[in-house]
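Given next, in C-alpha coordinates, is a single chain: the form predicted alone.
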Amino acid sequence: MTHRPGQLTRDLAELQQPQGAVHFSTTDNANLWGGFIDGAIESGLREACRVIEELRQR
(Lines give C-alpha, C1' and ligand atoms only; values in the text may rest on other atoms or scores of the structure.)
Protein backbone atom coordinates (compact mmCIF):
# COMPACT_ATOMS: atom_id res chain seq x y z
CA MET A 1 0.00 0.00 0.00
CA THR A 2 1.48 3.31 -1.07
CA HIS A 3 -0.36 6.60 -1.05
CA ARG A 4 0.75 9.98 -2.28
CA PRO A 5 1.10 12.69 0.37
CA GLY A 6 -2.36 13.79 1.52
CA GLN A 7 -4.19 11.14 -0.50
CA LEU A 8 -5.15 8.95 2.43
CA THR A 9 -6.40 11.79 4.62
CA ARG A 10 -8.35 13.23 1.69
CA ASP A 11 -9.93 10.02 0.39
CA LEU A 12 -10.09 7.51 3.26
CA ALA A 13 -13.63 8.30 4.42
CA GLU A 14 -14.98 7.87 0.90
CA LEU A 15 -13.02 4.66 0.35
CA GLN A 16 -14.63 3.19 3.46
CA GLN A 17 -18.20 3.78 2.27
CA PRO A 18 -20.24 0.83 1.01
CA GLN A 19 -21.34 0.91 -2.62
CA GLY A 20 -24.93 -0.30 -2.46
CA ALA A 21 -24.89 -3.81 -1.01
CA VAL A 22 -21.12 -4.16 -1.52
CA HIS A 23 -18.95 -3.49 1.52
CA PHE A 24 -15.19 -3.18 1.07
CA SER A 25 -13.03 -4.67 3.78
CA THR A 26 -9.34 -4.46 3.04
CA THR A 27 -6.11 -3.49 4.69
CA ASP A 28 -5.89 -0.58 2.25
CA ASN A 29 -8.84 1.27 3.82
CA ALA A 30 -8.06 0.65 7.47
CA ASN A 31 -7.95 3.58 9.88
CA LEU A 32 -4.82 2.65 11.79
CA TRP A 33 -2.97 -0.39 10.47
CA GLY A 34 -3.08 0.01 6.70
CA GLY A 35 -0.80 -2.44 4.96
CA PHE A 36 -0.80 -4.91 7.86
CA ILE A 37 -2.97 -7.91 8.76
CA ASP A 38 -4.22 -5.86 11.73
CA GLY A 39 -5.67 -3.38 9.24
CA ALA A 40 -7.53 -6.15 7.42
CA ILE A 41 -8.98 -7.34 10.72
CA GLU A 42 -9.89 -3.77 11.70
CA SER A 43 -11.72 -3.06 8.45
CA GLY A 44 -13.39 -6.48 8.52
CA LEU A 45 -14.81 -5.74 11.96
CA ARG A 46 -15.93 -2.28 10.82
CA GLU A 47 -17.79 -3.64 7.83
CA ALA A 48 -19.29 -6.55 9.77
CA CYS A 49 -20.76 -4.03 12.21
CA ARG A 50 -22.17 -1.99 9.32
CA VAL A 51 -23.79 -5.06 7.76
CA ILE A 52 -25.32 -6.10 11.09
CA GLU A 53 -26.70 -2.57 11.56
CA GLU A 54 -28.18 -2.53 8.05
CA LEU A 55 -29.85 -5.90 8.63
CA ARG A 56 -31.32 -4.72 11.93
CA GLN A 57 -32.89 -1.73 10.22
CA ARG A 58 -34.84 -3.94 7.80
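The first residue of the shown sequence is 1; numbering continues from there. None of the values given here were measured: they were computed from a predicted structure.
The next section is about a form of this same protein that is not shown, the form predicted in complex with a small molecule.
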{"item": "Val22, heavy atom within 4.5 angstroms of the small molecule in the predicted bound form", "value": "no"}
{"item": "Partner proximity in the predicted bound form: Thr26 to the small molecule, non-hydrogen atom cutoff 4.5 Å", "value": "yes"}
{"item": "Touches the small molecule in the predicted bound form: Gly35 (any heavy atom, 4.5 Å)", "value": "yes"}
